[in-house]
Each structure stands twice: as structure tokens, then as C-alpha cells.
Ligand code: P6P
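Before any questions on how it binds or moves, here is one chain, the form predicted alone, in C-alpha cells.
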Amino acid sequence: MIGTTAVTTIERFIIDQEHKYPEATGELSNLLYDIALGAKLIAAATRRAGLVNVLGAMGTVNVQGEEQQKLDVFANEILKNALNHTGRVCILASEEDDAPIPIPPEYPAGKYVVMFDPLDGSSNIDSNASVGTIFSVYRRVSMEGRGVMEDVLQPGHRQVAAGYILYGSSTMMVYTTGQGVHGFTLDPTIGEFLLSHPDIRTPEVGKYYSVNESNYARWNRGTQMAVRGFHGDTPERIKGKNSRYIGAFVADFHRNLINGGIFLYPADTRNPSGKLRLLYECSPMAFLVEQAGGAATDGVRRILEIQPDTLHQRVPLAIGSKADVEFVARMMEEHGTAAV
């Protein structure tokens, strides 16, 4: 017996979801297909990276001051080319580019804004560890013409879709359109994303905490006390957890989303505003985790309520299981957010 043939592709799933809303035009669905296509191309490149000269550094730095990897640049170009000609997007923005990316004049401008981190965790590439892509979709707020900065600088609660692609032992695409969180695994034998994790719900209390503890001495007192709680130092306040830290946000977030846990990248004396980007990393993951029953904060504010001021704005982040994120917020309130 071969087994069941009842599989659901990402295309079929999105169409079925769309049929629930008579006002849907199909444009957002097609936009998600475009992103899925880009993900397939990036996944193929990551699988063959050591064979096709896409490992190693480019010898250049991006706008963040970070050394660009060859696969960073490749992934960035793949996503631009998958999105800029469709007529569904009015403007793009990437962590790798210093300014918003205009749609070429030969193509029509659409009603959506797409922002992305093309290859999160790229420092893991040469060691063959997991990396990922993060994306975020908004409706434009400008009324006509090409997109403008106002379209890009929107608070996270206005997102209409967000998600990530994890390139690991398998390639997974996880996304939300505000109607729950759903995960799809790429079947390389047929080249299709198949529904593997419908309606993901993250546990209220997690098993794991993920943070770079080498920065402990540079954290504020509230962060230090929160992490001590996760160690098990304050069992009357919170049960201790196991430490798991890969160093790639998508990979750590995905494990914690499925199994329960919290990821932290707090402010410190070297990075007083945090290190992760609000628009490309924090807001899309916050939208997704809230749809799965979790929470995200900068220690004081809900991430989705933060109004961005600049394209590459950074913020501190605590994200994951709701009770664990609330514990971090309580520690910040009790012990302060000032640098030690």
C-alpha cells in the first residue's frame, strides 16, 4: 500500500482560505505564491551552496555594517526579482539595502508593500547550520503612483501577512494572514510546499529560552533577573527552562514556536537600542507569534504598537510563549531597563 494521496499544497490551502472571504481579490494569495517561489530558489541554492561558489564572504558590508555573505546577496536578488514585476507591489524594502527599493518603471505598481530579511543567520552559512528568510506585507497608505517612505514606515499591527522560511534539515514556510498560523514543508521530489503544520498554537509556557548569554554583563538589571529566572534561580516566580541557542533568529524562533519557549535579543551597553530590526525581523515575527497565541515586547511596549521612525530601526526583543514574555516584562518593570 503506497499510502494516502490526500495532500494539501500551499496553493490549494491559500485558495481554500480565500474562498471564506467573498471580498478577497486573489492578489494577496498570488503575492504569497511569489514569495514561495523565491523561497524554493533560495532553498535550492542553500542545498548546493558548497558546490556552486555561493559560500563565503563577498568582501562588502551592508547598510547595517555587517559583512555580506555571497548567499545574502543571492537571496536578496532572488526576492527582488520574484516580486518587482508582478504588478502586486508598489515598493520593496530589504535589510540588505540602505533605501526602499522602487518598482522598475516598466512594471505597474500594486497595492502592497513587502519587506524582508532575505537571509537571516547568514553567519551560520559556512558551518552548514540553519538559516532563514523573514517577510512582511502591508497595504500601501499612499493613494497613487509609486510607493513612498510612508508606505514602509507602518506599525506592525497593520500587517496583512507575515512569515518566514526555514532552510534546515527540511525547508519550511510558516505564515499568517491574520487567520491563524500555518506551516508548509517543501517536498523536493515534487517541488511543492505541502501543509504539514495546520493552525499552529504555541504553548502558554515554554520549555526553552534562547539568548546569547555571553552578553550578560552588559544587560540591564531587568534582563539579568529575567534570565536568572529562566535558569531556575527564582522557582517561586517561574519554573526554570532549558537553554537552546542556535544564533539564527528564524531557527530559534521556529523551535520555540512549536515546542514552547522564549527568544531574547535585549538591549545592552554596546547596543542600547537592541540589535534586531523592527521592520524586517521583530514586527513580522510578532504578528505571527501573536496569531499563534504568544506575545512579543521590547520589554516595555508591545512590538506591534511601535511606530517605526527609520527604515532600519532596531529594538530590543523578547518573543515567544505568552507567560514567559510577560515574566520578562514584569522583571523590567520591577528592576528597570537602565544599563548596569
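Residues carry their position along the shown sequence, with the first being 1. None of the values given here were measured: they were computed from a predicted structure.
The form predicted in complex with 6-O-phosphono-alpha-D-fructofuranose exists for this protein as well; it is not shown, and the discussion that follows is about that form.
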Note: 6-O-phosphono-alpha-D-fructofuranose not shown here; in the predicted bound form, the stretch from 304 to 312, 36 to 44, 274 to 282, 289 to 297 having heavy atoms within 4.5 Å of it is 274 to 282
Looking in the predicted bound form, any heavy atom of residue 247 within 4.5 Å of 6-O-phosphono-alpha-D-fructofuranose? yes
Close approach of residue 212 to 6-O-phosphono-alpha-D-fructofuranose in the predicted bound form, 4.5 Å, heavy atom: yes
Would residue 265 sit within 4.5 Å of 6-O-phosphono-alpha-D-fructofuranose in the predicted bound form, counting heavy atoms only? yes
Although the partner isn't part of this model, could you tell me whether residue 121 comes within 4.5 Å of 6-O-phosphono-alpha-D-fructofuranose in the predicted bound form, counting any heavy atom of the residue? yes
